[in-house]
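Only one chain is given next, in structure tokens, and it is the form predicted alone.
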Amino acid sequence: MNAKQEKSLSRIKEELELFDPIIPLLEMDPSPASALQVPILKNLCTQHRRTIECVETGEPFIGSTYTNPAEILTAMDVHWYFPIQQMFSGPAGEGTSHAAEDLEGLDKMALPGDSCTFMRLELYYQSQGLMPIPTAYLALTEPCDATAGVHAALMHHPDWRDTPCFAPDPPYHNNDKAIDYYAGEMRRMVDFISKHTGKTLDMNRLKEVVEETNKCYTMWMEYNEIRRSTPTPHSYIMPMSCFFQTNTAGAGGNPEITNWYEKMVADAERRVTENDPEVPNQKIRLLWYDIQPFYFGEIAPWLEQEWGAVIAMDMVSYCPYELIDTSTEDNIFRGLAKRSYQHGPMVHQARGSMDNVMTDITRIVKDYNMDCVIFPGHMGHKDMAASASLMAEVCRNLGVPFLHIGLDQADRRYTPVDEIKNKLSNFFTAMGLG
């Protein structure tokens, strides 16, 4: 393995060194919360080991962005990794040794500072050789211009220029013609993967994988229903893990992940029945309507402990995933297409009509008996910023307080954590909450 390959694996190896020792400690802890975290970390470590193995042995593997169907890659027995996963956990995450280093390095790059920091960080990782170069890359060109820009930059970087890239072309509309078109893109994706990995797709295996992930989505929907309970059963940690387990961790069709969902639902049901919420003394039920920042570990526990404020629902959890009809091959590809380009977080909210956002907020506030709506307002989500006044109007009509913070989900320097906490405290006090 050459020096470039070694460097590209350095962050992944650091994550393994960070998480591996934690797993046996959690396994010795009898608490239900620890038992639920063990499968998450094991899944993460398993994926990292496979990425390292592929780089070291030359086995074909794929880099893929979120929303591209994990089911297809699983059914084709192709390993894949999510190139920017290191942003959200481990040594590159907020509060670690590399966080300030990465942001300072990013400041020196010739990139517009008002572009989404997520996208700029991906280009920084690429420029520093911190992402393993895959056999081929599955890109994403929605929901924003910055995403499309990163796709173009990846293709033209000297180290990645020879890496074949496929970006499914998302239509604007949601009608049958659009779904059929994107289902064709999914089939083209299969052909692309086969061409560059030598693996072929067995439709019986794909059906088996999709039916397994249908079980996961069923459990996730059931869990979201349980979160309507007052008090809500869990802290912010478990809900944040749901998306990771079915999308970014290569978990498609894994019965172990289905088992994890079943245990989480059972624990939530027990906590509701026994009135044993993970967060005691809950006073404020809030909707966090955007993705969570890297430094959420400093904000969410403070909300819970200082104000008794719990995130009863969040934008990442509340997406309109539908179970996929596996009766025919066409139905499977149509279902994967619809889930891929219509339902994922950010894609669901930012692509297409503003009605998605207004309908979501209305339903969540009513269904989950929300006391307030918090819109973090990530500086890179220009589409959401343009919708803020309409969100506020919807909340006024519902009689629910609305707070637009204004922050950078990846860079705490934009709005320091203490300032965010101060805005939240002033809001709760002014609205008579808590």
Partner chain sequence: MDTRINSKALKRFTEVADSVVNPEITKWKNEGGKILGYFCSYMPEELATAAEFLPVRLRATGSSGTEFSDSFLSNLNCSYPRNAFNMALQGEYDFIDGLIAFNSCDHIRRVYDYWKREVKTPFIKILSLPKKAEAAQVEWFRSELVDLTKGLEEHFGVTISDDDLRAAIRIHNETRRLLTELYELRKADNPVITGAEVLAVTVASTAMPKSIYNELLKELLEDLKQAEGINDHRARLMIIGPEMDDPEYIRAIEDQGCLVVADSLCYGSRLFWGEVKEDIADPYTALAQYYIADRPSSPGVYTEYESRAQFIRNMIDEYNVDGAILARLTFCETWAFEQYSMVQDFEEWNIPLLSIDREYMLSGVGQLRTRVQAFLETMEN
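Positions refer to the first chain, counted from 1. Everything quoted here is computed from the prediction, not taken from an experiment.
Beyond the structure shown, there is the form predicted together with its partner chain, which is absent from this document and is the topic of what follows.
The partner is absent here, but in the predicted complex a heavy atom of P143, alone among P134, G335, P233, P143, sits within 4.5 Å of its partner chain. Proximity to its partner chain in the predicted complex, taken as a non-hydrogen atom within 4.5 angstroms, holds for one residue of D114, E104, E329, E306, which is D114.
The candidate stretches are 70-78, 194-202, 274-282, 164-172, and the one lying within 4.5 Å of its partner chain in the predicted complex by heavy atoms is 164-172. Taking the partner from elsewhere, every residue among L123, K177 and M379 has a non-hydrogen atom within 4.5 angstroms of its partner chain in the predicted complex. Within this chain, A386 lines the site of its partner chain in the predicted complex, having a heavy atom no more than 4.5 Å away. Residue contact with its partner chain in the predicted complex: A350 places a heavy atom within 4.5 Å of it. Although the partner is absent here, A268 is not a contact residue: none of its heavy atoms lies within 4.5 angstroms of its partner chain in the predicted complex. Taking non-hydrogen atoms only, G149 approaches its partner chain to within 4.5 angstroms in the predicted complex. Although its partner chain is not shown here, in the predicted complex the stretch 394-421 places heavy atoms of just one residue, Y414, within 4.5 Å of it.
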